[in-house]
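A single chain comes next, written as structure tokens; it is the form predicted on its own.
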């Protein structure tokens, strides 16, 4: 009997008394695992080998998990610092404990949330108390990280492992392990003698030019055998969705806006008639810049009109907020929390000069908010901003625009709910039904700008505006259930590679 070289190597390395994995065969023969897999299937088709398959779960520490394995979990570092500071007897200021722990950035939030979850202590009024009876050496998640690191994860409690995966410290992956054994026919073939067949696996340009292809025997192809997978590049699903949004809005007669990611509070909030003492303007919701701390120039006349709107209102019956307003606050620099800052620049004429109705503008740009991370919130995301300037606009025009826009994406079940915004009246939230879960997802906010917004900008007609979430639109069109599957530290690479193109 004659067999190709790889098949002969696999047959001779296989055993009739014990299973050998493809990895073991590769180590014994110096053949590539993919080549041996194909050879094994060919031999199985001829009845010379038997193949068994097992699906196995593999566990590995992520980069963050390796860091915590080496340095300790943030909550444990916080607890140890608290104990050293005497917080087991009397509460200690949270800032003092955090400073002593050496934690910074997002690890502080991670430590605080898990500190309370694990019962290591409590936090009240800015002070931290540590439970004296806690044994930090008995932390089950620390032990589980060590077990995964050493490859001995069989005894890890399932709930603890799920928690580590949820925290992004351990990565799960599924793999199919194949093992082979010699059949009776395989043993017989070896006893009778097997030689390497003089066959060729692929046709080369040299064979074509020399004519050698006429005289060689070509190996049969097994189209069912496994092959190496090469993942090519593709456009990210969010970019696909963004480009589709742009095409739709341009087709509806809109022009695109652009502008700075870091901008003055004046453009982000004050021009929007957001009071300077509004809770959403605190450092808990916005990211303030340290350098530069304030903008160099603002249009003086516009600043004065906005200040008057805040303090006194607009028109004879206008009512301001009767709360402090200072230009110092308005000059402060933040990362924009919404792209309405671009709308303010355009509507005021600062961006492209004075506008005359009718006008339609939009942007699909990134914004930044200090939100709590969950399935529908990230610290940064893309907002679809848009507005229409025209005479005698109504709620029907607003709803009709949304209906037409979402129909282009196959979404026809948009629901509207009355809402409050400081800068629009009337205002509406938009909801769409998730195609997988069937749940209503908030996908945007909209309304007609108030006179307190428009008159200081010099706009004397109606303007309807909206801010829609690009990620949530993508969730509706491709069926993603968690915004973190699309981008962020927990992104699902396989999902992005295999997501259906919905353009």
Partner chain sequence: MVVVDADFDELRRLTGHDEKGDEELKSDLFALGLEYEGETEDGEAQLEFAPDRLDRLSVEGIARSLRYQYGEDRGVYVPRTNAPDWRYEVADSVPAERPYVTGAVARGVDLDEGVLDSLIQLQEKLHATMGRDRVKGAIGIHDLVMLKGGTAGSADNAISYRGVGPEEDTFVPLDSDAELTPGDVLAEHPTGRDYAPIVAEYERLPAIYDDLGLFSFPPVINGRRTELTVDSTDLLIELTGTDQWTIDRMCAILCYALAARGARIEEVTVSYPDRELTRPDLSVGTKRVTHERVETVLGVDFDPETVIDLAERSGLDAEVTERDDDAGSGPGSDGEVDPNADGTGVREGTGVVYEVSIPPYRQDVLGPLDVIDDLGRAYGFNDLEPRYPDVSTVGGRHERSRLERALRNTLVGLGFEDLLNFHLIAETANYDRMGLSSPDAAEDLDAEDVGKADDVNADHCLGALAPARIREPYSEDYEIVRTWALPSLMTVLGNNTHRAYPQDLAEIGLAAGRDERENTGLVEFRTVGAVLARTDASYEAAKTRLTALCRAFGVEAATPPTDHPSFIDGRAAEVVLDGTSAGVIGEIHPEVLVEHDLEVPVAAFEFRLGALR
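Positions refer to the first chain, counted from 1. Everything numeric in this text was worked out from a predicted model, so none of it was measured.
Quick note: we don't show the form predicted together with the partner chain, though the next part is all about it.
One stretch from 123-131, 175-183, 396-404, 106-114 that, in the model of the complex, holds residues within 4.5 Å of the partner chain by heavy atom:
The contacting stretch is 396-404.
At 4.5 angstroms, heavy atoms only, are 295, 321 and 493 all close to the partner chain in the model of the complex?
Affirmative, all three are within 4.5 Å.
Considering non-hydrogen atoms and a 4.5 Å limit, which listed residue (203, 355, 252, 187) is close to the partner chain in the model of the complex?
Of the listed residues, the single hit is 252.
Would you kindly say which of 277, 96, 212, 162 lies with a heavy atom within 4.5 Å of the partner chain in the model of the complex?
Checked against the cut-off, the match is 277.
Applying a 4.5 Å heavy atom distance criterion, does residue 459 contact the partner chain in the model of the complex?
Residue 459: no contact with the partner chain in the model of the complex.
Would you check, heavy atoms only and a 4.5 Å threshold, whether residue 464 touches the partner chain in the model of the complex?
Residue 464: contacts the partner chain in the model of the complex.
Considering non-hydrogen atoms and a 4.5 Å limit, does the partner chain approach residue 290 in the model of the complex?
Judged by the heavy-atom cut-off of 4.5 Å, residue 290 is in contact with the partner chain in the model of the complex.
Does residue 448 reach the partner chain in the model of the complex, with heavy atoms at most 4.5 Å apart?
Judged by the heavy-atom cut-off of 4.5 Å, residue 448 is in contact with the partner chain in the model of the complex.
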